[in-house]
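Shown next as C-alpha cells: one chain only, the form predicted alone.
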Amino acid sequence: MARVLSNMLFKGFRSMEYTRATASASGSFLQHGMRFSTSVPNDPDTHDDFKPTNKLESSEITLKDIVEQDVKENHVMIYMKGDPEQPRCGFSSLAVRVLSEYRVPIGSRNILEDPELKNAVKAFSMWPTFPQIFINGEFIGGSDIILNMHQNGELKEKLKAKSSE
C-alpha cells in the first residue's frame, strides 16, 4: 500500500515538473486539463464601486489638515507604529508606557496603516522618526525625549499646564 501511494505521489511530482516546464511566458499554465492564469484581465465591466479609491481625493480635506486637527483637538497626540493597546515597535511601546503613567487621554494614529499620513506627519513636525508626541498642540519629540522629561519631572509639569487652564 505504501509503495502504491509513494508511486502516485512521485508521478504527481513528475507531472508538476512537466507542467511548469511547459507553462507559457504570459503567466498562464495548464495542469491536469485546467487552465490557470496569474494575470488580471482588463475588464471594462468592472464597476467603479469596486475599484480602490482614496477617500481624501474626493473631499476638500488634506492630510496636513488632519494632522493639524489631531494636534489641536487632543491634549496628548501620538503618531506611532501600532496603537496604544498594541504598539508595533519598542519605541512606540515605551512612549505609551511613559504617557500612561499620567492617566491622561491619549489620541493616536497608526502610521503603518497609511504611508502618506506618515510623510505628512514628518513634514508637519520636521522630525524624521516615530513615535511623534504632541502635548497641548506643541511637538515634543519621540520616546527618548518623553522618557527624559518623565525622569526629570518636566513631563508632569507639561501635562498639568493644560489641565490647570
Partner chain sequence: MQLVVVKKLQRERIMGVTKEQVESALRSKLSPSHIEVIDTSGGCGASFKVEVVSEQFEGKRLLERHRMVNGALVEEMKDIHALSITKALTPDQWNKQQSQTSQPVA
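Positions refer to the first chain, counted from 1. Small disclaimer: the values here were computed from a predicted structure and weren't measured.
Keep in mind that the form predicted together with its partner chain is missing from the display, and what follows is about it.
Answer with yes or no whether Asn119 is in contact with its partner chain in the predicted complex, where contact means some heavy atom within 4.5 Å. Close contact is absent here: in the predicted complex, Asn119 is far from its partner chain, nothing within 4.5 Å, heavy atoms only.
Touches its partner chain in the predicted complex: Tyr102 (any heavy atom, 4.5 Å): Contact with its partner chain, no.
Would Val67 count as touching its partner chain in the predicted complex under a 4.5 Å heavy atom rule? No, Val67 sits far enough from its partner chain in the predicted complex that none of its heavy atoms falls within 4.5 Å.
Can Ile140 be called a contact residue for its partner chain in the predicted complex at 4.5 Å between heavy atoms? Looking in the predicted complex, residue contacts with its partner chain include Ile140, since a heavy atom lies within 4.5 Å.
Suppose contact means any heavy atom within 4.5 Å; which members of 107 to 128 contact its partner chain in the predicted complex? Read in sequence order, the residues that approach its partner chain (within 4.5 Å, in the predicted complex) are Leu112, Ser125, Met126, Trp127, Pro128.
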